[in-house]
Every structure is written in C-alpha cells, then in structure tokens.
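What follows is one chain in structure tokens, specifically the form predicted alone.
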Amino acid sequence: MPQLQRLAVNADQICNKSINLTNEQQHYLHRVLRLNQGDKFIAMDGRGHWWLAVLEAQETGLIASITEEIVVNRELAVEVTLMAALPKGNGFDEVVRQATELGVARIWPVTSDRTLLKPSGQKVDRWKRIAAEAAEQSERQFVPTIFEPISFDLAVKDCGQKHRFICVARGDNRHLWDCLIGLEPPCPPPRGELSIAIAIGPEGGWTDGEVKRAIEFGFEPVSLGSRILRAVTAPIVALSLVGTAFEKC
C-alpha cells in the first residue's frame, strides 16, 4: 500500500461505513493536505482500528467512505502509564508529543511539592490534540489517554499498574533498564497483559517525602543514569528504555 496520510477520528463520527468529517477535518484534508474527491487516506479511531477511506464531495461538504479495515500491529507489548510532574512553561507539550511517539498508553499530569505550573482546562484540551497529532504522525493504533491533572499523592494511591517505578535523580538505586529486562511478557502478549507505571519528577526532582510515599504504595525507586536530566528529558529516556526492552515482543 502506498504511503497515505492519516487522520484521527472519533468513533461516534462513523456510521454505516461513512465518516462524518468535522469542518476542521475537512479543512485539514482539503486545504492542508490537498486531498480531493476520490483521494484515499487512513482513518484511525485511536482505539486500535485503522480504515482505508475515500473522500467524497456532497452539497454539505466532504465526507469519507470506508472501503476496508487495515490490520496493523504498531503498539508496544507493554502498556505504559507515564506519571509526569508538570514542568514549567510549555515543556509538557513536548513530553506529551514525544511520549506518544514512543508508545505510551496513558499520561497522568501530576502536581507535586515542587510543581509551579497550574494548568487550565484549555491546556488539557491542547495536550489531547497534541497526542492525537503525534499518534497520526507516528502511525500509532491507539491515541494515549490524557487525564486531568492530579496530585502526586492521589496518583500513587490510585495507580493500578502491576509494576511501578519512580525515577529518582540521586541515590544508589537500580537502573530502570535492569528492572525492565527482568520482566518477561509472553510474545506476543495480549495488549494490557503487562502494565508498567513510571513516575517522573519536576525541576528539582521529587522530595524525600514524595519518594517515601510512593514506596509505601508499591513503587520502586530507580535510576536513569549518573547524569541529572531535565524534567522534559527524563520521560523520553525512560520510555526509550521501555521501547528497547519490549519493541521486539
């Protein structure tokens, strides 16, 4: 199949093998991507489904007709939840974008003792759009779930993943890589068979009290190496290690 553009759609836009495109999607396909009636693209619902779709013109605008479902397998063998403390400025935009490209399943923005950013609802909507765009670009089957910001204490308390790690900049902790290679999912496993949560701190790192509370809720302190990483770099390093460990499963 030739290289085709991809578009993330909501499941409720699909009815009787037709996709009711929003005005924004019509503009993007026609004006930005320069697609016209009869041109094909890939529609993805962010829940694991891809379809080959063809643009059709109607009096009310453009719609898309589904011609066939496309079976692909682009996801990691492990479901990763990233619990990332919010960095200052717009740094979380890049965390969302690159974490999506690297295969994360869920992102919990976390407010911690050293968090400075207090995001608005518009920020959360922006992060969801960024995740959808990054999933399109990286040919993901799933668009990561972006949760509303939550306090660190609630995040570690409500964490349901079986394997839980909190990245700590200093201390004599096991390297995350050594922890990951000890996990052996069946190959290929059902999606969700192996679940991991990774907590990344803000500028200045987690406080001693936060690390202690995380340990109380089953998190293992781990290291990402001997260098001190920026708050927007550490999530990328952690997820790259996960990808390296599980990409071939």
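Counting begins at 1, following the sequence as shown. Small disclaimer: the values here were computed from a predicted structure and weren't measured.
If you look for the form predicted together with a small molecule, you will not find it shown, but the lines that follow are about it.
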- Here the chain is shown alone; which of Val95, Ala135, Val168, Val110 has a heavy atom within 4.5 Å of the small molecule in the predicted complex? Val168
- The listed residue (Gly204, Gly218, Gly61, Gly182) that reaches within 4.5 Å of the small molecule in the predicted complex by any heavy atom is Gly204
- Query: For Ser223, is any heavy atom within 4.5 Å of the small molecule in the predicted complex, or not?
  - Reply: yes
- Query: Ile19 near the small molecule in the predicted complex, any heavy atom under 4.5 Å?
  - Reply: no
- Message: Would you classify Ala231 as touching the small molecule in the predicted complex, given a 4.5 Å non-hydrogen atom cut-off?
- Response: yes
- Message: Using a 4.5 Å heavy atom cut-off, which of 168-176, 96-104, 127-135, 74-82 contacts the small molecule in the predicted complex?
- Response: 168-176
